[in-house]
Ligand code: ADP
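In structure tokens, one chain follows: the form predicted on its own.
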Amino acid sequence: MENIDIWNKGLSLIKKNLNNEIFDLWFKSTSFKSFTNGEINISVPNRYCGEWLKTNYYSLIKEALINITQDRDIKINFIPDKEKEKENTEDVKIIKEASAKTSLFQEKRMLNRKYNFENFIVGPSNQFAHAAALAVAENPGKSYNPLFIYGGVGLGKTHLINAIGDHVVRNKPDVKIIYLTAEQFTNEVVAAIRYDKMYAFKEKYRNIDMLLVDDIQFFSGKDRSQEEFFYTFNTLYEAHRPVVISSDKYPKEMLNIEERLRSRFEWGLIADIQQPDFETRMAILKQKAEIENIKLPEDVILFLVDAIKTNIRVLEGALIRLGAYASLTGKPITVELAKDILKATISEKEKTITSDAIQKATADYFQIKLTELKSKKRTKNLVMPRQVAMYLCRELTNLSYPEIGKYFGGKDHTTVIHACRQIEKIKEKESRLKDAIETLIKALKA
């Protein structure tokens, strides 16, 4: 794929999520400039346009480019065209006026409209989270406030959060909703402090009907952002306005998030999303292929679904990459082509490590019996190895806390949470334990 095609295909994905007026205003005048060392430079007609794209559409743009390049660390720079900037001062004025007239919540809502309940594939791994999200969407503020959705990367958390917003907007077009990532919230806090706009910031977030925040774990270690979110949350909660949050960790597991925030995350309902089973992955892949108009032979579908088990985003990205390659080269999509094009993705992403392998490796390392590791004995020589094994299960597999507990003789999920937190704390202080964990991880991944 030529570099220029990355931006052109990215624009096609972006356009699907915006109305024509917004797309024409902000994206039609952009063009590809260069792509080197993981950084893509996009030419924009003026500095103002570049700042607006970065502030309001950066996540949407990045998601589209990740889909094309499969590079989650891709960086995007907006480079003003100096010649056009000199010539088009009148255009800048028109754009500023247009942006001022655009509804604050229409622009800041930032919902990805391709994520809705209609195209969310429900399976055993996400059935509970889907039902909870639908209940909140149908009765905002009355059911499960807040709703906290957690699970691994690429399993559908962002899809569900956007689907809630989409459902509410369809029924109440004038509702004031803000959807954003915790990173964007932090950026706005920084900007508000820098430009002395904290009053406007507070007015904006505390006078809305619904707040949807993705990747809340990003607040880790950011005290001022946590403080502002704490007061925003309290204001909305007391007014019975729904707050929906997603995270890759269970609330108690977010050690660098203030206790007062973590406790509030547990006030409502906590729903987890697990790794999807074979049938669910197949249904998701077939639906995505149909939406993207990519014809996949059955043997290729089976290969992809079997090879990529733990991350739906990677699975969908693999499909897009195959479709783009076949479209640009004219080659038919075959299993051999898929193996060749996706070999790096599959080999790097899909190392399967089981709880059995972790338990055996841990027992061998600490020179104890496997049956003792799973037993209810709490002698000093068993407690630490057992906690290490539980911690590794959480880090290296997609098992939930209750599932991990079952593999250790039916332990309660709170025991597993405690074990993980203990190991997380101790390994930072004791180098011997840290070395032991690193040795085990290397052995398991080998």
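This structure is a prediction, so every number in the text was calculated from the model and none was measured. Don't overthink the numbering: it's just position in the shown sequence, from 1.
Only in words, not in the display: the form predicted in complex with the named molecule, which the text now covers.
J.: Can you pick the stretch from 297-305, 115-123, 187-195, 251-259 whose heavy atoms fall within 4.5 Å of the named molecule in the predicted complex?
T.: Flagged stretch: 115-123.
J.: Quick one: from 268, 140, 154, 323, grab the residue that has a heavy atom within 4.5 Å of the named molecule in the predicted complex.
T.: Here the answer is residue option 154.
J.: Which one, 181, 158, 226, 145, lies within 4.5 Å of the named molecule in the predicted complex by heavy atoms?
T.: Here the answer is residue option 158.
J.: Is residue 313 close to the named molecule in the predicted complex, meaning a heavy atom pair under 4.5 Å apart or at it?
T.: Within the cut-off, so yes.
J.: Decide whether residue 374 counts as a contact residue for the named molecule in the predicted complex under a heavy atom distance cut-off of 4.5 Å.
T.: No.
J.: Does residue 207 reach the named molecule in the predicted complex, with heavy atoms at most 4.5 Å apart?
T.: Residue 207 lies outside the contact set for the named molecule.
J.: Would residue 167 count as a contact of the named molecule in the predicted complex, using a 4.5 angstroms cut-off between non-hydrogen atoms?
T.: Contact with the named molecule, no.
J.: Would you mind checking 261-299 for residues with a heavy atom within 4.5 Å of the named molecule in the predicted complex?
T.: Heavy-atom contacts to the named molecule in the predicted complex: 284, 287, 288.
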